[in-house]
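Listed next as structure tokens is one chain, alone, in the form predicted alone.
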């Protein structure tokens, strides 16, 4: 793989009398540094806390159970350097520069969300730096020609495909679908995919609208949605707007057969915040506690296995965050991104970003998170999603049938 972007950057900066700092291509003092502008405050703090905990859990496993990473004839340990980007684009770019030029990290992880991942991608490209995307699902990220962005989370266009397939399978009489998504990079990607899949399955889209990402009142939009009398409502964006959407649907007495919200409904905090209003609400997830990926299952499929099993990961996550909190898919996908990097470094037997990027492109494996495999653009194509539903204060996997931990509650109970 040629570092065209880096070579062009070096040429342009040299012409201006500037030189890019050399990237560290060897493990100093037996350590491999991972840099991360993490979302520990601001809009994405809930997902960011999960992601950091997931990374720390897998670092613990790699360093203390696996014994490190075999590279260049010795074992190296992983060291995690992260700063709070406050869920702000300008902070992401400045912190990535700091991590690369001052902290001399070997590899970088993207922040949570598609918009922030996109904001940081040009910085990673400028320095020819591997940029592990654990929380940016927008398909647009992989349509820009970036060479160093590698995705573990699945593409946004597939988030609500399974949800619609479930409705079609269990209730052919449900015809009318309303789409109400946040107006940001990730949610628009999900919305486009949902619109296309709904049309393929023969649904009638009776409402199709976005709302501002920082919305504080959805009453006008939901009043119009109510008039369309949908059977199914799918939408959302992130935690805060997902909560608001759920609450105001209840306030307005809108009673769909199914309500599915991206990102928000899969977080433990969603059920805690909404209580009975969460009953029957669904959400697509990349991983849930109870999904039965295992080393034995990987062997049956002829796939390589790496990492802790589910119970070990959960225990390591709780240790990392210092509280009795079950990890969600934001934690699992971030941890799986670390495992991909470990395998790629060992496959390349190098820390050179071009060698590692080539190795990432050749990898196919399974972990507690499920399958992992990327296409030529770096987009994740080897991982499948599940749909979960809140039932009596717990998240239950209801689709696909092969992954179920419980039956779908359909139609969902009316809001009280």
Partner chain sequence: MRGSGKYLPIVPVLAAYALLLLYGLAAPGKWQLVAQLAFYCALGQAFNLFMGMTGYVDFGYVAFLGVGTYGMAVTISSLSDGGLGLGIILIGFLAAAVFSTILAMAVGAVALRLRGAYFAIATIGVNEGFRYLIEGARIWNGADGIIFSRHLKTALGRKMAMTVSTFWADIFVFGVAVLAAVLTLYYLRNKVGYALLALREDEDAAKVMGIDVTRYKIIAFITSAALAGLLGASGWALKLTYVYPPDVFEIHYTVEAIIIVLLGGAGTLMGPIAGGLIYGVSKYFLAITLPGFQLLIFAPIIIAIIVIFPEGLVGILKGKVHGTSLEKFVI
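Nothing here was measured: the structure is a model prediction, and the numbers come from that model. Numbering follows the first chain given and starts at 1.
Beyond what is shown, the protein has a form predicted in complex with its partner chain; the following relates to that form.
Student: Counting only non-hydrogen atoms, which stretch in 373-381, 360-368, 53-61, 37-45 is within 4.5 Å of its partner chain in the predicted bound form?
Tutor: Among the candidates, contact is made by 37-45.
Student: Using a 4.5 Å heavy atom cut-off, are 165, 168 and 266 all in contact with its partner chain in the predicted bound form?
Tutor: Contact check failed for every one of 165, 168 and 266.
Student: Go through 293, 82, 203, 289 and name the one with a heavy atom inside 4.5 Å of its partner chain in the predicted bound form.
Tutor: None of the other options qualify; the answer is 82.
Student: Report the residue, out of 318, 98, 175, 75, that has at least one non-hydrogen atom within 4.5 angstroms of its partner chain in the predicted bound form.
Tutor: Filtering the options by heavy-atom distance leaves 98.
Student: Taking its partner chain as it sits in the predicted bound form, is residue 153 near enough to touch it, meaning that at least one heavy atom pair lies within 4.5 angstroms?
Tutor: Residue-level check for residue 153: no, no contact with its partner chain.
Student: So in the predicted bound form, does residue 302 come within 4.5 Å of its partner chain, heavy atom to heavy atom?
Tutor: The answer is no: residue 302 has no heavy atom within 4.5 Å of its partner chain.
Student: Is there a heavy atom of residue 90 no more than 4.5 Å from a heavy atom of its partner chain in the predicted bound form?
Tutor: Yes, residue 90 is a contact residue.
Student: Does residue 115 make contact with its partner chain in the predicted bound form, using a 4.5 Å heavy atom cut-off?
Tutor: Contact check for residue 115: yes, within 4.5 Å of its partner chain in the predicted bound form.
Student: Counting only non-hydrogen atoms and a 4.5 Å cut-off, give the residues of 177-201 close to its partner chain in the predicted bound form.
Tutor: If the 4.5 Å heavy-atom criterion is applied to its partner chain in the predicted bound form, 177-201 yields 183, 184, 185, 188.
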